[in-house]
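A single chain comes next, written as structure tokens; it is the form predicted alone.
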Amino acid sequence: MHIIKLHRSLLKIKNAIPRYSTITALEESEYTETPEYPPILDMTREGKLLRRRQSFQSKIQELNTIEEKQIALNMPRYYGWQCIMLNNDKVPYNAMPLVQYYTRSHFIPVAKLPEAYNEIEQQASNILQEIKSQIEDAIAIELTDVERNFKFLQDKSIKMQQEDTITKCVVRQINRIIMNNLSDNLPHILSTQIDYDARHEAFWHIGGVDPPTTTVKWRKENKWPKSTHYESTDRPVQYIGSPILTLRNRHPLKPLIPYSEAENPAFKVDKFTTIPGSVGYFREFRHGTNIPGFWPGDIDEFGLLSYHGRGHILDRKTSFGEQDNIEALHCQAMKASFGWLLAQANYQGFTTFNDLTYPLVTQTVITNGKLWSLYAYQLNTIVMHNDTVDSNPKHNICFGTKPLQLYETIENGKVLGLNEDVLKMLLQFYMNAPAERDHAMKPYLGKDEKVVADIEDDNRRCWLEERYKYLVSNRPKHSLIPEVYLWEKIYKIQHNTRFFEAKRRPFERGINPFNRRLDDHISPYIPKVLREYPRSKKKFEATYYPQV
């Protein structure tokens, strides 16, 4: 008791002693030459939600490595986002307005390549005369002299698989001939990396879309203001594609148009606010992934050219008409080009919340071996979420041709009626040399840590690498995704006929299981034998999730 009283008296004496240094520092910093007022904050519900979203976006921007940014994009959803799925080989009827709005792409139909290719047109004409006969022989051999044993899948039609298989063989032969003949004269061809059947995936948020009926119902049940019941929402979008062949280099292609032209009002794309299910695009729970065909850290990180098949056109109904089939090819090109460039932009440190600071360009070819459609695409912006969809003045540009016939027919093992103009434009795609940029390419990545492999801490590096690879694999969880069974929907939600039962299900207790965060789980247990020392109280392994 006496010791406690003595301790209290000492505290009083200590607090009574004036701290002159602290007082002096306060007097020096208390007054300034100009008045400094605290920021005026919008305390409405919309203002608070906006500040929360902006804080989340700025935290993602401040992360150092590519993998951490990709994990951070998925942090709000443990079971993944309910993504609108855009596939490379599935284009519903009249999908052009939706694809243009979701990719923010202005399409310009052309009969020849843009002006940026005029400088190499004459050189391409000269090389064409040297390799024309080789390409004719390769096409004739692949289409008439090769016997194939097809292995068909159940989820695709036989006609589509046959055409795509033959197209793949023709494309690889043409690519081989062009690369072999150009590698001696063009240095960028020799250093170009070739990928076959690469994995292309891209994830972004699109705003300005009408909310689904479930969202409107939830807003009404939670007593949101009436004026906000039908407000547009962010919809996560996931693109998945696998091109026949891609070329990539360590330097990006030159812009097709000046970056300032991206804000030209003539390139504005019409809004498409209708629910995507009305067009034919549906939703799926999955983690958002951005993969341009290689893992982070690869030197050749900029795409030059990609080939895609058009076998899915054979599966479309004849009632769609020829014009809609041509628009389907344009949609396929815009999705493939935007998706590939968006994934490359994510590897440069940009995300769907942090916009590009420079343009990226790629070239896309869609063919079945005989009909060729050529596209040049410039990516100017990737920020299209609900907060910026109306205020962002930039748009992406896509130049594209209609399907052009490479040859007329094959008789007696020879190609007749070769269209040299098509082949010349294809050569111009290969001859379009990438160049090193004179500005910072990765402004939002760390100086010393750009990828997880640069992290010195072994535990953190290995954990992030393993977690990132598991996340992008999209393997199913050990526990199933929460589900409301049909009988529950009928007898408990739509008609309250089982009110006497104990309320144990999440929807009965007002819990939304899909709002669970990615880090909301128990870490793996560390057995006593494997702990650092016998009396260690650290029972669970450490996690290194991004703090967003």
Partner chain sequence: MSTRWYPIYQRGNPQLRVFLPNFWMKLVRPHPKQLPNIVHFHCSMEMTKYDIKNYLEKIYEVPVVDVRTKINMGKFKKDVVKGYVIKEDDVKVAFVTLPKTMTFKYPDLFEKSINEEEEHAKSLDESKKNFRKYIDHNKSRPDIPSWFSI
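We call the rigid core the largest set of C-alpha positions that still match within 1.5 Å between the two forms. Numbering follows the first chain given and starts at 1. Keep in mind the model is a prediction, meaning the values are calculated, not measured.
Keep in mind that the form predicted in complex with its partner chain is not shown, yet the notes after this line are about it.
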| item | value |
| --- | --- |
| Options 338-346, 115-123, 324-332, 461-469; stretch whose heavy atom lies within 4.5 Å of its partner chain in the predicted complex | 324-332 |
| Gln494, heavy atom within 4.5 angstroms of its partner chain in the predicted complex | yes |
| Heavy atom of Arg475 within 4.5 Å of its partner chain in the predicted complex | no |
| Residue contact check: Thr274 to its partner chain in the predicted complex, 4.5 Å heavy atom | yes |
| Heavy atom of Lys151 within 4.5 Å of its partner chain in the predicted complex | no |
| Partner-contacting position among Ser278, Asn412, Thr409, Ser227 - heavy atom within 4.5 Å of its partner chain in the predicted complex | Ser278 |
| Listed residue that, although its partner chain is not shown, lies within 4.5 Å of it in the predicted complex (heavy atoms), from Gln129, Ser319, Ser391, Asn222 | Ser319 |
| Is_shifted Glu62 between the shown form and the other one (CA, 2 Å cut-off, rigid core) | no |
| Large Cα move at Leu486 between the shown form and the other one, threshold 2 Å, rigid core | yes |
| Rigid core fit then Tyr37 CA moved by 2 Å or more between the shown form and the other one | no |
